[in-house]
Each structure stands twice: as C-alpha cells, then as structure tokens.
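The chain that follows stands alone, in the form predicted on its own, written as structure tokens.
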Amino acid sequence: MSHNLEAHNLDEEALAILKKNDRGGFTIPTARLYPFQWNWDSAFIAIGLATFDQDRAWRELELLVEGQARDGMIPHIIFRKDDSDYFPGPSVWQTNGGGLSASGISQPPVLASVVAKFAQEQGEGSLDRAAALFDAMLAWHRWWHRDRTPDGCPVVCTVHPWETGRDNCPDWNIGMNNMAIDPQLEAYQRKDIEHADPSQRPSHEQYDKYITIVKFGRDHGWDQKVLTNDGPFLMADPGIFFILLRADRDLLWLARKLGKDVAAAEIEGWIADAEANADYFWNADVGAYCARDVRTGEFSEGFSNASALCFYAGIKDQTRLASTIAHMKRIAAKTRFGQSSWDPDLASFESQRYWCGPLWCQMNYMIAAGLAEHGETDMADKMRDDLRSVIELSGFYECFDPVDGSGCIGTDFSWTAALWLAWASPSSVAPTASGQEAANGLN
C-alpha cells in the first residue's frame, strides 16, 4: 500500500516514531518485534536524535555503553528486563559478563564513528562527552582485535550471523552448512514470525543453528576466545571488517584530539594490520570483497551490500574499487532503489526476505558516505534519493524491496526514521560527504 503523503508530514512522523519508541533514555528498534536496546540500531538512532535533541542523542550512546561486559564487549542486545514478545531473551542467553543482562555476542562497531561525528559537528561540551566514552570504545575495539581474531587468521571474524547484523544473508550459507544442529537443543517458540511475515524472516533450520551457537556460548560460560576458536560457526565478514576499520580511524582521530598518545599508537597498529590484510576478503573469481569461511578458506559467491563498504573503510586499491563500482552499477541496473543486500543475479536473491535482497537504510547510508568521500558523488546522491523515494512510497519500514520499493518486516522503525531526519529528508541539511579533518566520521 502506498504511503499517504497528503495525510502525513514525514518529518513529523519520523519524529513521532522516535518518541514513541523511546524507553527512557534508549530507543527500541520497533515495538514487539525488537523490544530491547540494540547495539548498532542505537548508534544510527542517535544520529537522528541529534537533529532535534543533542543531549538525548548522547544519552542514547551512554546507555548503550552501560551494557558493556567486563571483557570490553558491547553486546548486540541489552535487555534490562525480560519481554515475552521476544525470543531468545535473557533466560536463554544467561550471560554473566557485565552489569546488565545482555546477549553474548556483539554487533558491527559503529559507535566510535558516531561519537567522532558528534564531536566534530556539535558545539562546546561535545568533546567532553566524547572523552567520557573514549575508554569504553577503546576497550570494545580492543575486544574485537583480541577476542574475535582467531588463532592463525589475520582478520577479525564473527561467531554468529546475528553478530554481523546481516542475519540470514546468503554469505553465511557456507559456515551454516558446515555446522550441525545440537541434538540436545531445547524446544523453543519463535516470536519473530508472530510479529512479521514468516516468508520475510529466516527459516526454521537457520534458527535452530542460530540457537545452537547460543547454546555453545552458554555451555562454555561465554568464554569469547573459546567461542571464536572452537565454536560451531566462524566466518570473516567484510561488513564487520570494514566498519571496524572505519571506526578505528575515527577512534584514532578522537585519541589525537584528546591527547591520548598511547591509545593512538595502539589504534594505529590495528589500522596498519587491517590495511595489510584486507586482501583476505578479495574473491578474485567474483572480483569483490566477499565473506569467507575461516576453517575451509572458501569464499561466499556473492556481492553483498557489505562488499560495497570498502569505500567507507578507506580502502585505497583503485583496481579493486573500480571492480566494486562495476558490480554496484550492474546491480543498480537490475533494481530500482538503492543497493540491495544481495546480488540480484544469483538464484539465492529474494527481494523481500530479510538480508537476502532488501535495501537497508543504514547500510546505504554508510555506503553513500564512502562513495562520496571517494568522489563518486552521483552514486552517493542516488542512494540518498532512493531512500527518500522508498520512504515516501511505503513509510518507515525496517527494510525495503529494492525492486518495487515496498516495505518489509518491521514497521515504525527507529533507524529508518532517524536516517530520514538526518539524511534522506528534503529538509535535512546534512551533506552526503564531509569535509572534516582526518577521520571523516559518519555523515
């Protein structure tokens, strides 16, 4: 159904969604389907909040950091309380690593890029608030480089498709096919398919494997090194790798701004290692940066929206960047809106099934920032215009069909509302690219 523009001012509607989803200092992605605080959701939500309430935007990030575990990990979900509308909740995860009940895995580390953005764009006091979060962000990045870098592997990896934020992307089929469902897996009842169209959600077999990984982590006391090296699933994700590389650059800018020389040296080492090992993801057969099974060395066969984050990460290999641009133009010719989450030329493409094809606003936002910084402003502007178009057409959904623009999965979705306000709305004054110093932050 087409969104009725005459009845709704989209700026006002976006603002109302963020206020409706506010739970007292943190924002849920959407009611019922995702009733807690999600890690990277809060980072993007804060960007939208900052368009009308900078203090509230900082509070969003500060409450996210409250969920940090003792080992430095900031979990992908912070529960604070249970909610029968969601599975798996705190009784399933049973983590003991921090002060708040949370999941036992993380999510793409966007936080430092958002904090750097605020410190660069906002006035007096913003650097002080950034400074108050610095040590937590440094510990989280250190956790990625220490606990999610497997023995014998040169890059950060992931132990769970949920940790990537791209839950059921076909990228993970290799690793999922190589793992077995735990025969002692307890019976459970999914809640996601009660709140969203099951045809747009992961399959039951996939969910059994997701919960098998959770059970392994729980059975091993959430020892993150054990989960990484010995767990059921281990893949290198270009999405996490590129987002972390960008976040390391932004954290380095903050370290230098704050005079933290020791931390800056450590971060410089992480960046140098990542730049030296980015080729680990290069799939010469596809001509793109692709996910890879660490244990077999096998590459994913497809170009995903994570492949397109190489610009955002500051990759400098012009030949490979040109190949990436060629893929993006090929895909744009097959879809009407934005960068699809999966390659439409592959049989595994499904335009409305979660991460098997839909357009995702937060991914396109990061991709566009990277493209603009690389000088590909026309492509960047089109991605922004496409997000504007699908929201005008369908409203504030979790994601969108890149072929017909229809909304998919969750409704009244917070990060979609936030990025409308900060980026896609005609009334937004945010540039696609920044002219800021050193790090470039999220824009």
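Owing to the predicted nature of the structure, the values given are computational and were not obtained by experimental measurement. So that there is no doubt, residue numbering starts at 1 and follows the sequence shown.
The form predicted together with ligand GLC exists for this protein as well; it is not shown, and the discussion that follows is about that form.
- Across the options 261 to 269, 120 to 128, 349 to 357, 290 to 298, residues that bring heavy atoms within 4.5 Å of ligand GLC in the predicted complex belong to 349 to 357.
- With respect to ligand GLC in the predicted complex, the three residues D147, T228 and F242 uniformly fall beyond 4.5 angstroms at the level of their nearest heavy atom.
- At a distance threshold of 4.5 angstroms between non-hydrogen atoms, D41 is in contact with ligand GLC in the predicted complex.
- Contact check for D386: no non-hydrogen atom falls within 4.5 Å of ligand GLC in the predicted complex.
- The closest heavy atom approach of F396 to ligand GLC in the predicted complex falls outside 4.5 Å.
- Ligand GLC is not drawn, but in the predicted complex it has a heavy atom within 4.5 Å of G165.
- A heavy atom within 4.5 Å of ligand GLC in the predicted complex is found for one listed residue only; from Q107, S103, N305, S113, this is Q107.
- Residues of 395 to 417 placing a heavy atom within 4.5 Å of ligand GLC in the predicted complex, in sequence order: E398, F413, W415.
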